[in-house]
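Included below are C-alpha cells for two forms of one protein chain, each presented in isolation as structure 1 and structure 2.
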Structure 1
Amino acid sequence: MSTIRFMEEIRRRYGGETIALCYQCGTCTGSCPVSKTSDRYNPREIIRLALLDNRQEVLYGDAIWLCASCYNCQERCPQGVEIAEIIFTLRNLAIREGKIPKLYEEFANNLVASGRLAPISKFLEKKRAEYGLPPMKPVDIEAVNKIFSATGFLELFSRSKGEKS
C-alpha cells in the first residue's frame, strides 16, 4: 500500500498533473454527454473524491470506466484541468490494482494475438477481394509484442488477469 496521498499519486503520473487545480465549478459535468444521460457518471465528483483521497471508491468503482473520452470537459475547464487525461490516469492505476473490465481484457487479448482489434479472417479477405479492395497488409506481430514487453504491458496485463482469477 502506498503511503503517499492519492491526490499526489495521481499528480505525479503523466496526465494527472493538473488535478489539484480543480475548484469544483461543474463545467465538466455540465458538458458531459454521459452525465447528461446517466447519474452513474459525474466527472466533477470523481475529481472531488480523488482530491479527498478516496482511493478505494475511485479505483474500484464503476464510474471511471464510464467516460466516453469525448474531451468536451477538458476543452471547457476554466482551470485547465485535463479531466479526460486524469480519467485515463485513474484507469491505468485501477488496472495496476488488477481491476480490469472484461471488454478491455478482450481488447488487450486481441491486440497481443493479432496487433489488431480483431484478426482478419480468410472469409474477410475473400469479401475484400469481391469488393475489389486490396489484400490486407501484414502486421509485424513479433515487433508489436516486443513493444508490449518493453513497456511492461504484457506483465501488467497478465498480472491483472492473474489477480482477477
Structure 2
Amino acid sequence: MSTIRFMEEIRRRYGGETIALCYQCGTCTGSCPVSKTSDRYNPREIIRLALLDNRQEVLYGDAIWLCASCYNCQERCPQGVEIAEIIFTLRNLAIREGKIPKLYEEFANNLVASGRLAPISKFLEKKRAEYGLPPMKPVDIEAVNKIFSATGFLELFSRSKGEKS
C-alpha cells in the first residue's frame, strides 16, 4: 500500500485544493487578528507543517481550532491559497481521526439533544420577556436529525466519541 503524503491528502479534499500554491510569504499571518493576540495560532506555520508532512502535529494540536474564520488571510493571499478553507479541511480530517476539542464535543452533544449549540436558560427566557421579545420557538429536532442523518454527522460524531472512550 502506498503512503499518500499529507499535503496530497489535503489537496484531494474539498477545500484543500490550493494548499500547494503556498510559497510561505506570511501575508496570511500578517492579516490574521487571532495571530496578533495569540502565539498559538499562525496560519503560515500550519500550512508549512502540512506541506512538510507533519500530520500528527497539525491534526492533534490545537492550532487549527483557533481560527476565527474571518477570511482575512484568504482575501489577501497573493497566490489565491484558500487558507480558511484549508483550515476547515484540516478540522474535518482531525474529527475523522477522533480528535475533537471538548468545547466542540459539547456543542455537538447539545445540537443532537436539543437542536441548539447551547441550552436556553431560564434567565434568558426571563430577559426576553422583559425586553418584550417572544419566547424562543422550540426546535424541530426531527428535522435537525434528518439533516444530521443525511450529512453523516451522527455517524461521524458517534465514531469520534467512540474512539475517545
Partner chain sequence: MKSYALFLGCTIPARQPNYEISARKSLEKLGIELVDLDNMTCCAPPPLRSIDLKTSLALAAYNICLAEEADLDIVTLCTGCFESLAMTNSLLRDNMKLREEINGILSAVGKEFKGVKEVKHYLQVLVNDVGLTRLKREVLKPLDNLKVAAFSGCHLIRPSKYLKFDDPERPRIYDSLIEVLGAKSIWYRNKLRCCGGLLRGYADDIALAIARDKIVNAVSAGAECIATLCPFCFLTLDLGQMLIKSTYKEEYNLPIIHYAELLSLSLGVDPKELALEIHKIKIDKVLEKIGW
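All residue numbers here follow the sequence of structure 1, with the first residue given the number 1. In this text, rigid core is short for the largest set of C-alphas that superpose within 1.5 Å between two forms. Values in this document were obtained by computation on a predicted structure and should not be read as measured data.
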Q: Give me a 1 or a 2 for the form predicted on its own.
A: 2
Q.
Just want to know which of C67, L52, A118, Y104 is the hinge point between the rigid parts that rotate between structure 1 and structure 2.
A. Y104
Q: Treating the chain as two rigid parts, note the angle in degrees by which the smaller turns against the larger between structure 1 and structure 2.
A: 21
Q. How much does the C-alpha of F123 move between structure 1 and structure 2, in Å, given a rigid core overlay?
A. 8.0
